[in-house]
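Consider the single chain below, provided in structure tokens and representing the form predicted on its own.
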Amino acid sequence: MSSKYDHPIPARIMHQINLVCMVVMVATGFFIHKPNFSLLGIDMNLARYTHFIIAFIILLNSVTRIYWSIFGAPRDIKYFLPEKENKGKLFATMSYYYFLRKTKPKTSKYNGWQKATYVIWTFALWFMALTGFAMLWKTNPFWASVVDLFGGLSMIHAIHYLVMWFFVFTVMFHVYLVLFDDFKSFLVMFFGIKPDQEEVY
């Protein structure tokens, strides 16, 4: 019998793609924002080219994940929607995360905070694409109107940069929670190993 920690292979592959893309996007994005700072030793043209190619890959991955959650075999879209198992446990869960409560409330596969984070990440990702493409194609009439909508090129650049930090901090918190609170799920997601050490397919 599978446990709540199980993640099918397609979900795991898409998760790893997101992980790699996110790391590359942040690294190249930070270099584009601060040209004098580079841990990669690459030039600006290569950084921009890589940044936008990876942007298309992560967007395609996002669309694939949404489609798979609705039409794939597990139809796991239900895990991202409100569930009765989580009702009234939002603050109790947060209290547990901040060490104000010793026991973790029993919830569905994803608690309310996880659901909210995953949904916000999806919208934030597409927002980043919108603002990023607007900066890339700023001379195009449509994208120029998007730039104007956000108050100009400097403003849309600042917003894009700030949302990047939202991803950085929330991903760091996500990693912390997985490693220290749900290590079994980490084993499944990265190595396909269930808590009983059996491979998950």
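Worth saying up front: this structure is predicted, and the values here are computed from it rather than measured. One rule holds for the numbers: they count along the sequence shown, beginning at 1.
Only in words, not in the display: the form predicted together with a small molecule, which the text now covers.
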Partner-proximal stretch of 154 to 162, 141 to 149, 66 to 74, 172 to 180 relative to the small molecule in the predicted complex, 4.5 angstroms, heavy atom: 154 to 162
Candidate site Pro10, Val20 and Phe190: all three near the small molecule in the predicted complex by heavy atom within 4.5 Å: no
4.5 Å heavy atom contact, Ala129 and the small molecule in the predicted complex: yes
Non-hydrogen atom contact Val26 with the small molecule in the predicted complex at 4.5 angstroms: yes
Residue contact check: Leu59 to the small molecule in the predicted complex, 4.5 Å heavy atom: yes
4.5 Å heavy atom contact, Leu46 and the small molecule in the predicted complex: no
